[in-house]
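Heads up, the chain below is alone and in the form predicted alone; it's given as structure tokens.
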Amino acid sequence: MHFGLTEEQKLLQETVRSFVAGECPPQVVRAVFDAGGAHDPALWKGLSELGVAGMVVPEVYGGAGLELLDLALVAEELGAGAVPAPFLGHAMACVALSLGASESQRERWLPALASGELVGTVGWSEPGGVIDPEAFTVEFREGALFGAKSLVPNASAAGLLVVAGPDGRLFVVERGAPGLRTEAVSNIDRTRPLEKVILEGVPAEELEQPVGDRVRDAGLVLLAADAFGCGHRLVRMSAEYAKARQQFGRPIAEFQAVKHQLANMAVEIDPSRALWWFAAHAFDHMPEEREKAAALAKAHITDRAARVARDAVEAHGGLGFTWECDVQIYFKRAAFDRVVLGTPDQHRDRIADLGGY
């Protein structure tokens, strides 16, 4: 049995990694970060031309027809590069329509989503940190939605919003629909805007299949992969800094305490790769394991990435606390991944419930 990536998956990841290195170097990320948070349309166009926008969209609608693991491998590279793109919400919207839409709905929206011309996003959480569909208060009456969604990624940039309702039901809203309002939400990660979406009698279409739980699980896996990429990058940044920083005429990387700190950071994050690989594989091939594996990957990896981010600040000394140091960008990305779609504690509670405890 083969437990590694295929040659095609390795090539996919290397291609995205090369694109990020060439088109989204640290100065590009910093420019978006300093501007206050908005995705770069040119960068998104480049990613879309690579096929990132439509990876899980069936080929008949212009996508690549790949699996969640392939998409998560891209998420790892975007996390490692702190790429400011509307990837998370768009990917979840593609999963929602690919799995749950009727044939007419697929024909209407999937080709534009696959090309990246139409940006999608998903409204899952509700005000107060509510992530459990059984507690959702959004209502669908007479063809219209009423309620609110919080922490919606890139809502203003999206032309298509998928709204999660109770019992796994999903509804599609197009940009400019009457009664639809968005409000900016204070967000530590300035490369990925979050917004509150208010629905006041907004015309909407319900997707044919209630696949909300699968869309949520896909989002959890993608956040875990992004956090892994972010944490992995922070370990490497810290190691390189320790090799270059001189103290008492020697690189601080030669000091035993610094070696131990870097080793502990690597041990925190590197072994967790298997968690999100398995969760992504389970999404498409092991339905009985899917929900628990996704929750476990999200809870464990985003927690570990946040811890590594704190250690990276310490490893960089006084520089690590400054706005000028790129560590702060990754620190805030890790914080985003930890909170969006539910905190680690919320998902640990879900894991206990799923296990019957």
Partner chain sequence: MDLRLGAHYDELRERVREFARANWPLRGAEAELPRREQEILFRRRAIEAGLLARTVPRAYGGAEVPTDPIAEAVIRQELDAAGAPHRASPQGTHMLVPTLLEEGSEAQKRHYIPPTLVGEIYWCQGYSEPGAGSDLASLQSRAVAHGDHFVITGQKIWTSNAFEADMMFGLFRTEADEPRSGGLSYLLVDMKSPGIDVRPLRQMNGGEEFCEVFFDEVRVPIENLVGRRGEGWKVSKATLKHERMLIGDASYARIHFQNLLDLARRVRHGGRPAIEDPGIRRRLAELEGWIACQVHASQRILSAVARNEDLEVLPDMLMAKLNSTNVFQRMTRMALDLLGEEALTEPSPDETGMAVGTPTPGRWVSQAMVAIGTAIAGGTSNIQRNIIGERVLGLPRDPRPPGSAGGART
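Numbering follows the first chain given and starts at 1. Only a predicted model underlies this, so the values are computations on that prediction, with no experimental measurement involved.
The discussion below concerns the form predicted together with its partner chain, not included here.
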property	result
Stretch in contact in the model of the complex with its partner chain, which is absent here, among 257-265, 84-92, 123-131, 196-204 (heavy atoms within 4.5 Å)	257-265
In the model of the complex, the one of 175, 108, 190, 236 near its partner chain [non-hydrogen atom within 4.5 angstroms]	236
Candidate spot 23, 39 and 118, all three touching its partner chain in the model of the complex (heavy atom, 4.5 Å)	no
Exercise: residue 14 in contact with its partner chain in the model of the complex, heavy atom 4.5 Å	no
Touches its partner chain in the model of the complex: residue 8 (any heavy atom, 4.5 Å)	no
Partner contact for residue 154 in the model of the complex: its partner chain, 4.5 angstroms, heavy atom	no
Contact test in the model of the complex: residue 304 vs its partner chain, heavy atoms, 4.5 Å	yes
Partner contacts in the model of the complex for 256-290 (non-hydrogen atom within 4.5 angstroms of its partner chain)	256, 259, 260, 262, 263, 264, 266, 267, 268, 270, 271, 272, 273, 274, 275, 277, 278, 281, 286
